[in-house]
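There is one chain below, alone, in structure tokens, taken in the form predicted alone.
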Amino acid sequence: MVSFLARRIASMVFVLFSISVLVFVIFFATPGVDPAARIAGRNASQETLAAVRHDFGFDRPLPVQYGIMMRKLFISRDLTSFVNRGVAVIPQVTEAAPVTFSLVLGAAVIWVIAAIVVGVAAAVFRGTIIDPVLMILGLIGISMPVFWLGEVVNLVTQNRLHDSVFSWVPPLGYVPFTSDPWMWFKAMVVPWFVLATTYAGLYGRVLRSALLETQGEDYVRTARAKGLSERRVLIRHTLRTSLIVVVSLFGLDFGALVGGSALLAEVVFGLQGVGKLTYDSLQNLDLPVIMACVMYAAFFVVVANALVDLVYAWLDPRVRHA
């Protein structure tokens, strides 16, 4: 298990390094992309452009520029924005990260629990009316875009029924957990359920299919032949093996959402998270912020995939030697 973990850590470091080089090359070495012109503004003279290039180190070789940016990003942590001069990049990301993490973590808890309940219930009651009803509900959840569902929910909770049923729902925005945990919960509970709706339906359908497929395996029939109860066979054998598929999906989705893919939910509910920060930096072509956000997203995606591999190894020991 130690060697398995060491291989995954080495792979993580290599992937992060490769992503940092790729992002740098795209934004700094692509022909026609001149950060100095962006900083200096329109109609800047050649003397001004030369001064900006020298001040920011753009006149130095690309490997040197890459090393300087990585040093400022990871070691000295004093990398500043190209658009908002003097504004540090790292504090922007660290302020946005708790917002996104709060949104995704709460939604993940809801959609995983709901998916397990729906998937197990549909598999157990296969052949009855419960199975197709649950699958239709899951398909409805998958089919509703987050931005549309969020706007509908906001219309109901913030406008139509806000003075009666949903008077407890605070205005759109984020309340830090450290300042008021109860207000944090009330502000996030509606975005949690909206974001979880799509994933709960998808995961429930996937888990149902995996459970039905696993029920025909030899080791499951052997467990039944030994006299084990259906409940024990379901929990100890069928469900554990079927969760491998769900774990794979969860690792990819959770890492991507924490890395900024929850942009639509953040915009709809007025949350200044990583997705919103990345979108704004792309709109302004603020290259240092883009680099920081991409590396932040890549880190969580890579870590999530590494954790998936570890859970694989726990669920199926054969993976450890793969």
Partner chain sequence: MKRRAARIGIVTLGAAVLGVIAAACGGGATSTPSSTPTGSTATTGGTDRASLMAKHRGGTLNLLAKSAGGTLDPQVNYTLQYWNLYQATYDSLVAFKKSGGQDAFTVVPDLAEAIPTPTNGGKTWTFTLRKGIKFSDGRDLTVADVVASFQRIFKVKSPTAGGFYAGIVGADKCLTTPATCTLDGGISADTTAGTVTINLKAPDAEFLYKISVPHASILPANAPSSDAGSVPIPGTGAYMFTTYDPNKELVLARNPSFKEWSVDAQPDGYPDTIHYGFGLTDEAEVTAIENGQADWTLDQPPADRLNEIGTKFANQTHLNPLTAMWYAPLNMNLPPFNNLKARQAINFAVDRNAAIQIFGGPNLATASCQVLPAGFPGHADYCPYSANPGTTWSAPDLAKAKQLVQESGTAGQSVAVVVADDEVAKGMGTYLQSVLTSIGYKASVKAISGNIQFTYIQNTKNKVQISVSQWYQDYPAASDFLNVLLGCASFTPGSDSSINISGFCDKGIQARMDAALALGVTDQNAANAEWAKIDAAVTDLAPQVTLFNPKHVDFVSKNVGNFTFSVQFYWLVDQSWVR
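Between two forms, the rigid core is the largest collection of C-alphas that superpose within 1.5 Å. The model shown is predicted, which means the values in this text are computed figures rather than measured ones. Residue numbers count along the first chain shown, from 1.
Keep in mind the form predicted together with the partner chain is missing from the figure; the text below concerns it.
Partner contacts here mean any heavy atom within 4.5 Å of the partner chain in the predicted bound form, and among 111-119, 88-96, 225-233, 71-79 they occur only in 88-96. In summary, among the residues 181, 216, 127, 173, the only one with a non-hydrogen atom within 4.5 Å of the partner chain in the predicted bound form is 173.
In the predicted bound form, the partner chain lies within 4.5 Å of some heavy atom of residue 38. The shortest heavy atom separation between residue 291 and the partner chain in the predicted bound form exceeds 4.5 Å. Contact between residue 62 and the partner chain in the predicted bound form is not found at the 4.5 Å heavy atom cutoff. The partner chain is not drawn, but in the predicted bound form it has no heavy atom within 4.5 Å of residue 67. Contacts with the partner chain in the predicted bound form, taken as any heavy atom within 4.5 Å, map within 254-284 to 270, 272, 283, 284. Relative to the superposed rigid core, the position of the CA of residue 53 differs between this form and the one not shown by 2 Å or more.
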